[in-house]
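One chain is shown next in structure tokens, namely the form predicted on its own.
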């Protein structure tokens, strides 16, 4: 990935967006939660959502948008550093901290749960680091053990607390699969603070995080505190995981960390754009997840958020201009068609060359014999040339147009120059250069051809003694169309 650092990573609009969402979360309102609403028509629900008439909708919308931005930004660094499993392990490692935070005052206090989950998450990442530094185990093995161990401990603690008189009413079980409808003003305020912190830290230390992510060796030589930057990234990641638990849940939070960033990775090759696109996709996934879960009764928000993010990834996977499956297939198909046409043009040129260019057309039968295909297939190739305006086809006679002749001469020139280059520079035997030239002739650009001509001192014959088309052969009319029908090529100069 090419590194090009902008002067400002995160525009002021992001800070403004966070501030607006923060205000939306602290407005004193009172109404039913999303999951508590009675069954109604989905159209009515859509109108209620879009008008933001319900406080639960405002809380859910603000919370999911905030966590989408935070997870999208941090997920970009996880994707480019190949640390996706770290996010998954961290999301499962915080579960014991959630349970202990609940134990603090036997209620779902956002601050207590945030502190407990953050400590548990950092303890989990510290355990992974300790295992990899003191044993022969690799990071993936350590992550797998920590993920399973901490998650199992958290499930046991939550199961114990559920048996308490107030355990079933506190809503602690919602941290497993998430429930945006349970978000309150305290939760949204905490999400806004964490998201703003993530935006500010990444904006201030963007260049340092970028260097540590792509060239840690150079970062150490440059006296950057790489270890502290790594710890700071893990701390921000722990914060983001914890604020996402209430809406997405332990099981699915890793998807919100990775999927938007992975989608952005398919859309750009610039890191600052990847982060911005990832944050935008995370925001869209959060908002759309809240919207679709609001259309029905008791529909989970977290799974809808993940499905929205996955849907965006599928679209990028198939339709991304640079890396999408459909555009790549279309470009590959176009390249195959172009190569087939150029091979046909080369065959026409060689037939005319064997006749010393005394005529300017050939028959389909001659083309079929040269290409070693059936007469029907040769007709298809001739029609392909006609569609590209490289030739005319009349009574089974193929005649190259001026553009067709110039392209045919250029392909022959590329082929024979490359054969000569291999025999001179690489000392390859002349009878071993044809197959390689068959491939390279279609990709040589004009600049590369001119360099080859200068390096070969404007040679006019290939290793087999055949003439190499010169400038007026490639850029001028065919020999049969010139006065006197000359048979020579002239020089390459």
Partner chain sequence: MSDANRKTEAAGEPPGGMAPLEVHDLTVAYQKKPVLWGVDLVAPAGKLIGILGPNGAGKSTLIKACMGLIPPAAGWVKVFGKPISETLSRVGYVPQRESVDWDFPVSVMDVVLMGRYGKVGLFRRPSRADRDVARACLERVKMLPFADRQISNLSGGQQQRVFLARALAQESDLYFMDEPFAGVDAATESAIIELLHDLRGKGKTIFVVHHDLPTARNYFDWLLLLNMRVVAFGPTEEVFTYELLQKAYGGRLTILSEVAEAVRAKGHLG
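Positions refer to the first chain, counted from 1. All figures in this text were calculated on a predicted structure; none of them were measured in a lab.
Another form exists, predicted together with its partner chain; not displayed. Remarks below refer to it.
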| property | result |
| --- | --- |
| Residue (of 409, 398, 74, 274) lying close to its partner chain in the predicted bound form, criterion heavy atoms within 4.5 Å | 274 |
| Of 320, 213, 288, 118, the one that lies within 4.5 Å of its partner chain in the predicted bound form (heavy atoms) | 213 |
| Residue 220 within 4.5 Å of its partner chain in the predicted bound form, heavy atoms | yes |
| Proximity of residue 386 to its partner chain in the predicted bound form, heavy atoms at 4.5 Å | no |
| 4.5 angstroms heavy atom contact with its partner chain in the predicted bound form for residue 358 | no |
| Close approach of residue 82 to its partner chain in the predicted bound form, 4.5 Å, heavy atom | yes |
| Interface segment, criterion being heavy atoms within 4.5 Å of its partner chain in the predicted bound form, picked from 416 to 424, 360 to 368, 205 to 213, 105 to 113 | 205 to 213 |
| Non-hydrogen atom within 4.5 angstroms of its partner chain in the predicted bound form for each of 336, 390 and 465 | no |
| Contacts with its partner chain in the predicted bound form - residues in 253 to 279 whose heavy atoms fall within 4.5 Å | 265, 269, 270, 271, 274 |
